[in-house]
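One chain comes next, on its own, written as structure tokens: the form predicted on its own.
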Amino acid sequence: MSKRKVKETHMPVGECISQVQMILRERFCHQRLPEKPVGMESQHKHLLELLRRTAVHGESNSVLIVGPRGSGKTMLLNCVLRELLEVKDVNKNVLPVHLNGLLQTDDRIALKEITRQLNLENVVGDKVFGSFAENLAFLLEALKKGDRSSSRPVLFILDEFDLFAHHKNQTLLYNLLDVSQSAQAPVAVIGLTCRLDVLELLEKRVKSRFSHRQIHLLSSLSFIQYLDNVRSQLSLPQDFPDTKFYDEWNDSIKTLCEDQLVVDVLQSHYNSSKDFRSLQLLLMLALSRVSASKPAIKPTDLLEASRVCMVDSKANILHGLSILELCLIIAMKHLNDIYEGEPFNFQMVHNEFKKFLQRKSHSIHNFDKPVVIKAFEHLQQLELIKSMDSSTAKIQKEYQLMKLLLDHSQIMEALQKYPQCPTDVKQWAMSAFG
């Protein structure tokens, strides 16, 4: 009994670390819903009231939740649904249908998914419908209860709402909003989108059937709140088995958040994105460096994790280019400097490259023009350059106007890291003009 008691209060360091990894990884990966969404109380109250009217009183509604990625749109909706489904009568009646614009890419797929989620595959069977509206009306009719007067409320949740607006004739949106407006059945249409101009994408007939209710989520998080969130995310819960390790870990996290290096790293992350998902990725990378021999997160761990998170993918592509392709990129950089960012074509780039070859022909092989064109096309496939002409059919390849999608600092950084880059090429890149 005494041995068991000792084990409860004091565990080996390795066991403590594995417990810490398990608790914090679960916190970062399986984002649990908070008790109440912080900083969006009015939006929570508004949405809950709206959906309660559909679920309890059978009133049809439509609403859009608009906000940047990571602002908590899905979390707010899930909190409201959780609260709504805790009501006894609502839980038995309400049918949520989740659709995503990235998955349901056309109306036929969306209708199949609606049928599947409403468990009506057997009812539909092999029936053939004349139109989308007829099919949807049949599905909603099948949900009617025995007394014919009342039907089960359906909540249609459309994630990436703006993508549904690109469907042919916007048939799905038109029919869902038409049902919600004409009170054929109790239906709530909830759209989630990060586009502020989403209403401009809707056709006139669709827009006229939408209630124009919008709930905006704009992150008003201050840096001090952001720091507090980092501290709470990394702190251990009070029910941690080893109290001594619990105190040491939480004290080390408090000290870590006061370190100037850590504050600078978090400040740069806060300035680029207040998104909790990107923050959790940063903390996850820092946590993965903790081990039994190093049982705490150090400021250097966060700095290293930040470098991994903020790595420049475009600059990384440059490391894998051939010397010829790199020379073409440098020629484009010089053309950008000379003509102040005006578009260029292959012929201009080739002339610039030939000028360099004439000066430094001993260090770089003289390539034939077809080979240079092939390298130029490869840069276009990698999306390092982009065509500015909309109608490419009429213009020869060599004379199509192009734009460089890299800036000066990205090119110079890639050159420094490029393995065995000829000195002449580096010097050419550093010279003011080609």
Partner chain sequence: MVRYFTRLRVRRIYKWGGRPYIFDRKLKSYGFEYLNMSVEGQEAVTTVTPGQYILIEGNDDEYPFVAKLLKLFGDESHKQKKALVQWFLRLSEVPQNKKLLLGRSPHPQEIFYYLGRACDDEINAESILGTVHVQHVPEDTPFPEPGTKDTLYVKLSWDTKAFNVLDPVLMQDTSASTPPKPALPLFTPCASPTATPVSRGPVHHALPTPDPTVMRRAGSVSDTRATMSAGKRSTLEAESIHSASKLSASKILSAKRRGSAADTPGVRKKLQLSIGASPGKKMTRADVLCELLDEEMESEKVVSLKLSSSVSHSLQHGCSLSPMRSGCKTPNGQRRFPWKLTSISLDRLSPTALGEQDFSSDLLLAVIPLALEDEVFEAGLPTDAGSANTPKKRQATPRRNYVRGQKPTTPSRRKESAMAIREPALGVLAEEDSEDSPMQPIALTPRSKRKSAQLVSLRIRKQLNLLDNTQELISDGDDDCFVPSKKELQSSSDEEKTDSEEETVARKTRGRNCKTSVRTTHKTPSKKVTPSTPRCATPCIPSRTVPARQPGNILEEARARLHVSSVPESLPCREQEFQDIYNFVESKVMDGTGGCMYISGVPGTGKTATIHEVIRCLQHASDMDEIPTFRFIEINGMKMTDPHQAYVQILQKLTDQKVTADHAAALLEKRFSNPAPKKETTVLLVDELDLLWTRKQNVMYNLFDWPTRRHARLVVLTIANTMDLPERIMINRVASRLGLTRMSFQPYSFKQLQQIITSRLNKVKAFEEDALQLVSRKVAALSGDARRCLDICRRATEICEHSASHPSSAGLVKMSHVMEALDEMFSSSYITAIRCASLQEQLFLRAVIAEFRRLGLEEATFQQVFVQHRTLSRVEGLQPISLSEGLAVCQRLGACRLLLLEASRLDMLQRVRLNVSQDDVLYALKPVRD
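Positions refer to the first chain, counted from 1. Please read all numbers here as calculations on a predicted model, not as lab measurements. The term rigid core refers to the maximal set of C-alpha atoms that superpose within 1.5 Å between the two forms.
Heads up, the form predicted in complex with its partner chain isn't pictured, but that's what we're talking about next.
Shown without its partner, this chain lists 55, 64, 372, 379 as candidates; in the model of the complex, only 55 has a non-hydrogen atom within 4.5 angstroms of its partner chain. Site annotation in the model of the complex: the residue of 394, 36, 386, 365 reaching within 4.5 Å of its partner chain with a heavy atom is 386.
In the model of the complex, its partner chain sits beyond 4.5 Å of every heavy atom of residue 326. Residue contact with its partner chain in the model of the complex: residue 32 places no heavy atom within 4.5 Å of it. Although the partner is absent here, residue 231 sits far enough away that none of its heavy atoms falls within 4.5 Å of its partner chain in the model of the complex. At the 4.5 Å threshold, heavy atoms of residue 291 stay clear of its partner chain in the model of the complex, well away from it. Each of 174, 209 and 270 places at least one heavy atom within 4.5 Å of its partner chain in the model of the complex. Heavy atoms within 4.5 Å of its partner chain in the model of the complex are found in one stretch of 245-253, 348-356, 189-197, 291-299, which is 189-197. Shown here without its partner chain, the chain has 168, 169, 171, 174, 175, 178, 180, 181, 182, 183, 185 in 164-185 lying with a heavy atom within 4.5 Å of that partner in the model of the complex.
Residue 96 shows a C-alpha shift below 2 Å between the shown form and the other one [criterion: core-superposed Cα displacement of 2 Å]. Taking 2 Å as the criterion, residue 56 does not count as shifted between the shown form and the other one: its C-alpha moves by less than this amount when the rigid core is aligned.
Relative to the superposed core, residue 108 undergoes a Cα shift smaller than 2 Å between the shown form and the other one.
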